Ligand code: NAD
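Next up: a single chain in structure tokens, the form predicted on its own.
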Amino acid sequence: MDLGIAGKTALVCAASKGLGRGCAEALAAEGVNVTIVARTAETLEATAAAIRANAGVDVQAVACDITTPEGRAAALAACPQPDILVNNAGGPPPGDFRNFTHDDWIRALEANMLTPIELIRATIDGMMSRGFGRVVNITSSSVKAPIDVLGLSNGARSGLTGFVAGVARKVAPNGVTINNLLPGIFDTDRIAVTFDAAAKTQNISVDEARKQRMATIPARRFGTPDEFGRACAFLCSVHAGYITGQNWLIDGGAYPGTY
């Protein structure tokens, strides 16, 4: 299927690896020129080179912290008028809510709620004026089914979800959509760290920890960044113009609810 977005421009956050990279690669494969952002310059440049070699599109790499005003300014200077915006940032640490400080909450809100909103605010009018725009926010399955130890993430990402629910309806008449992708367990570096910690806590091997977690997923496997990226690319396509304000759960069937 031709997604109809060749020649468009995209700003993809936290795209040097994992789910962000999967999204950048999928968009580039469709002929989209991408600006990718991440904090570690060396990893980011390696990813940019790989995408250029594989897709033959224009790829800009901006090493910055997108959760800061300076980082957002640098990203928007490189890609001031994107047709596609993919918001993404690492989640806050787990813990007991009783131990979270005010500063912990502010950091979580800055990264997982306010930064996406600031980037949407900076780019949405341009999208509306051109009659086409796609915003995809990578959030978490915890928005659908809260995870008790991820109180910071539950709160911050739910705040972004509520904001999107309102603004998506306002911009829809101008050909702009805003949707959220909610990943479950995906085979990335981040989850590898989680399994390493779980293995030490339970005094089992990392492989056993992975198998135990995989058994709880109806698909009996973890997701891949490649398939996540393809879902993102479809939401950014011309074929998805009638999909907006939605929360797409991608978790292999782990969420047990009907709705």
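Only a predicted model underlies this, so the values are computations on that prediction, with no experimental measurement involved. All residue numbers are counted from 1 along the displayed sequence.
Not pictured, yet referred to below: the form predicted together with the named molecule.
Of these, 171, 89, 152, 160, which has a heavy atom no more than 4.5 Å from the named molecule in the predicted complex? Spelling it out, the residue with a heavy atom inside the cut-off is 89.
Identify which of 9, 16, 237, 244 has a heavy atom within 4.5 Å of the named molecule in the predicted complex; exactly one of them does. So the residue touching the named molecule in the predicted complex, by this definition, is 16.
Contact stretch among 75 to 83, 136 to 144, 116 to 124, 95 to 103 - heavy atom within 4.5 Å of the named molecule in the predicted complex: Stretch 136 to 144 is the one.
At the 4.5 Å heavy atom threshold, is residue 185 in contact with the named molecule in the predicted complex? Flag for residue 185 set to yes.
Under a 4.5 Å heavy atom criterion, is residue 190 part of the interface with the named molecule in the predicted complex? Taking the distances in the predicted complex, the answer for residue 190 is yes, it comes within 4.5 Å of the named molecule.
In the predicted complex, residue 51 touching the named molecule (heavy atom, 4.5 Å): The answer is no: residue 51 has no heavy atom within 4.5 Å of the named molecule.
Residue-level question: is residue 33 within 4.5 Å of the named molecule in the predicted complex, judged on heavy atoms? No.
Under the 4.5 Å heavy atom criterion, name the residues of 60 to 75 that approach the named molecule in the predicted complex, in sequence order. The stretch 60 to 75, when checked against the named molecule in the predicted complex, contributes 64, 65, 66, 67 at the 4.5 Å heavy-atom cut-off.
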